[in-house]
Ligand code: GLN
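Take a look at this one chain, the form predicted on its own, written out in structure tokens.
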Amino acid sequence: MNKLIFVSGGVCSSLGKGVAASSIGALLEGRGLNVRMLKCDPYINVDAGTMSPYQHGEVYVTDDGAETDLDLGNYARFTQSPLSRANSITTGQIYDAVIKKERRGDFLGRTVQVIPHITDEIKARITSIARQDEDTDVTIVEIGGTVGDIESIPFLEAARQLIVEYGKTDAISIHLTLIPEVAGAELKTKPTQHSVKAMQEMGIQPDMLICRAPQMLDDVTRRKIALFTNVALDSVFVSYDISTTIYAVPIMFFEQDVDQVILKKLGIESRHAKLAPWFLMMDRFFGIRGTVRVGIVGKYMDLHDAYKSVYEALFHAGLECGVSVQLVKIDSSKIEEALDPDVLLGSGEFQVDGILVPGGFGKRGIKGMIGAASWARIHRVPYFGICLGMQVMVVEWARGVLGWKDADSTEFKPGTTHPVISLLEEQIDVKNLGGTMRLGAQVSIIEGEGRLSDAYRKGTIEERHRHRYEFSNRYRDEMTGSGLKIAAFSPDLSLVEAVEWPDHPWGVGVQFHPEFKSKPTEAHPLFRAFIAAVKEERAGGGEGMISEG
């Protein structure tokens, strides 16, 4: 079996193509099919690695070190589809590959054109996903952008060609559109009609429509849409606004028989649906009692998607701990402006039960993050540091406990006399490994008993990295001698992968990014442990402040 499903969008961006595609993937997996997910991004950047978080949200990292669009995070949270560099295609990658072939003479001097050379490269990458695993049943291809955008045309043309080549029983088009609500609460179908017309002008007749709407559409409206778009009535579905969670979308689609219609159109025998994990997850959602407030102290707070996976992982952990996690977004520069962080974090504006400092790059806002870490350590408030958040934790310990007031990372202060965080080649007795970033899955060995071992319940773990700077080995003895626990190492013991505060309710910093592996049906163990600690401390009222080292 080797089927293709193309998911496109119309009318406007940000309708939720990624969630729709991921939900379809979850439903088909529930039917026993092996699904692969693929994102086609029209931007000319080679990948998302150098893009501003404010421009495109977070960078999602795969096991093989690819820096990809955040939609791959949705694929990972909703499905079991393995993800790698091959699952993210950009216009930049396509043109780069074709130009390199032309320079090598692969085209034997022929004129290189969008059709067939660019579209052939796109098609080859789409079909290669299924060939990576002979057990693949269905490949779901999300085409980024909006139909009508000039950037998306080569991808839509490649989709059209593949639909023709595969045939209508092996390749289908699902189009996501908007049903806006105008004054008087009237729903308008005209934008959807025009969007489908634009698809038809590209040579693609959508087989199914998913209409984003404020509410469920009645049969009269659905019949009108079917009539004017040449789509069968039983293939017009609604993705209506929900007040619960995006993870209810697979169940919403299931209740409308989206998966059954897809199976019928692709000629796949009907199979019993096994969606118990999703229904259990929703049972947990409705069983939530109580709220905990977690302060996210970062530098990209104006765009929710900048820390998308972190926020989702906190939500997943809340589901398993039976609490609602209220995200308190704190721009670290605000803490820098405060004379006393306790005025903001403790009894003042924010009043948080836990602190999480996520990853990031650059000097801006670092002083505020260090202030937040110091406040959490001294006031015995659960703290979780991820990547930069761990480095901040180490700098704060050096300053607050060891008394090295100028301790810093060489990323922020190259001339510091105590570079407790630095590039590998800046460290003593370490072979020059270059300045390249550590990307992708890396193995870590958990050291002894502690919060990390309690959470994972195993000695060897594998998590994804995205950073250049490391805990400086020259200060390892002094750090541990003053009480800081090194909780995990690289297998050769050369790199510190995690640290913990001693005699603290829960103070953990990790150099890797555990948020990339969390799912709504199975929270990541570190996030689960963090929220459990926050919940316990809130219920118990904490244990008071500690004295300085």
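Keep in mind it's a predicted model, so treat the numbers as computed, not measured. In case it trips you up, residue 1 is the first one in the sequence shown, and so on.
Just so it is clear, the following notes concern the form predicted in complex with this ligand, a form of the same protein that is not shown.
With this ligand omitted here, the record of contacts in the predicted complex names 381 to 389 of 319 to 327, 381 to 389, 441 to 449, 229 to 237, defined by a heavy atom within 4.5 Å.
Interface residue remark: E411 is counted as part of the site for this ligand in the predicted complex, having a heavy atom within 4.5 Å.
By the criterion of a heavy atom within 4.5 Å, K265 is excluded from the residues contacting this ligand in the predicted complex. In the predicted complex, R474 stays away from this ligand, with no heavy atom inside 4.5 Å. Within 4.5 Å of any heavy atom of this ligand in the predicted complex lies no heavy atom of F155.
When you look in the predicted complex, the only residue of R36, H513, H524, K39 with a non-hydrogen atom within 4.5 Å of this ligand is H513. Exactly one listed residue, out of W278, W375, Y311, Y469, brings a non-hydrogen atom to within 4.5 Å of this ligand in the predicted complex: Y469.
Using a 4.5 Å cut-off on any heavy atom, the residues of 349 to 372 that reach this ligand in the predicted complex are, in sequence order, G359, G360, F361.
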